[in-house]
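As structure tokens, one chain now follows by itself in the form predicted on its own.
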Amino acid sequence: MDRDLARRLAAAYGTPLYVYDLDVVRARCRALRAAIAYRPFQPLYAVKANPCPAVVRTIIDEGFGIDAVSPGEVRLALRLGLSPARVLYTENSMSDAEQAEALAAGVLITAGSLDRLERLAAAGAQAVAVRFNPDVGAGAHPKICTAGPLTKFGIPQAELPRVLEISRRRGLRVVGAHMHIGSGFLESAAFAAACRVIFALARQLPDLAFVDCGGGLGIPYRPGEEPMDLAAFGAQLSADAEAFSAAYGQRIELRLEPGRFLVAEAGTLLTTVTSVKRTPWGRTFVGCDTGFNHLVRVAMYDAYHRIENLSRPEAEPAAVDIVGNICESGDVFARERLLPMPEVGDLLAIRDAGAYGFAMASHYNLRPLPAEVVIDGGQPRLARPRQTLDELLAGWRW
């Protein structure tokens, strides 16, 4: 999204405003599919990254299924017309009520614990997938590393004999072997090591239909970072899948479930400068009409987002702190970031905000949620109107 279009959208819809370019989403979907030569290959979209229906529908139309982690995400996929067979529900501390809802909907559940495996069998499930912890984790931050001894996810690989025993005793077919090592990695060495583990485990599952190697592919958020070598990543994974299928004795479907890779670079959070404060300590705080209630990644993960001054890109550069309007000292988007010196009223673009942005937004400080706009073929349309204070407060019984 260029500067002029961003300014027009801010004038039309106000700020703060999330904007997603669907052409970028399509391009990422096609790049991933082209990188994987192995067949059969079924990519899934980790919808938790960005559940905006217009974005999700675009990804489904590119041949992706849905990786869901909650009843709401399952219902979103089904409401968009996706067949239950193309939805995989990877549970995490699932309740029995959530389990019953998923089974009734006809979606396959990935069990992340031996207890849930037993409960699925007791509820009459005939087939399940199993999420294993391959003891290999990777991610851009410890809080998004989802494998290894310190994480809550998956059944430790050492407990494979228990999985097989439960499966035999309960008459429960384990049709999928699943892993996910973390999010945001740009180097694939740890991923390749974890793939060796999951393929070795999967060889011992007699009823296998697919192996799901998870997601986690990162994007280059910071200056100087190089994007993942997608061709090399795909070639290695395809070769590993070929070797596995040959050893298993039949071609098993390969699955991946990217989220961030498909949508992060498509998204921008537009915000207006509301204050500029210079202190005796030599700091300049540039306040905005958004905060970590709308984009929490910086506060939660020490994440980096590119920020541009769209109103005056030719202004003299200055080192400033870009801060939000939330009553917390951690409400900071950037410290001492060098950018054209903003003034009150300037429009800023926080880039690469399409993943885990609006999806993780909250009403903290009783601030309403922003609007969402999608751009499709250069044409913008409103995907979600801005929430009003009356709508926010109406959630309570008065």
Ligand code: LLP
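Note that the structure is a prediction, hence the values are computed from the model and not measured. When you see a residue number, it is the position in the sequence shown, counting from 1.
Keep in mind the form predicted in complex with the ligand is missing from the figure; the text below concerns it.
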query = Does the 4.5 Å heavy atom contact test between Leu217 and the ligand in the model of the complex come out positive?
reply = yes
ask   = Does the ligand get within 4.5 angstroms of any non-hydrogen atom of Pro258 in the model of the complex?
value = yes
message = Just checking whether Tyr301 would be counted as a contact of the ligand in the model of the complex - the rule being heavy atoms within 4.5 angstroms.
response = yes
request  = Find out whether any non-hydrogen atom of Ser183 is located within 4.5 angstroms of the ligand in the model of the complex, and reply yes or no.
outcome  = yes
remark   = The one option of Ile59, Leu348, Ala46, Ala353 with any heavy atom within 4.5 Å of the ligand in the model of the complex is Ala46
task = Would you mind picking the one in Ala37, Met360, Ala31, Met341 that has a heavy atom within 4.5 Å of the ligand in the model of the complex?
result = Met360
ask   = Tell me which of 94 to 102, 306 to 314, 319 to 327, 209 to 217 has residues with heavy atoms within 4.5 angstroms of the ligand in the model of the complex?
value = 209 to 217
ask   = Which residues within 87 to 108 place at least one heavy atom within 4.5 Å of the ligand in the model of the complex?
value = Thr90
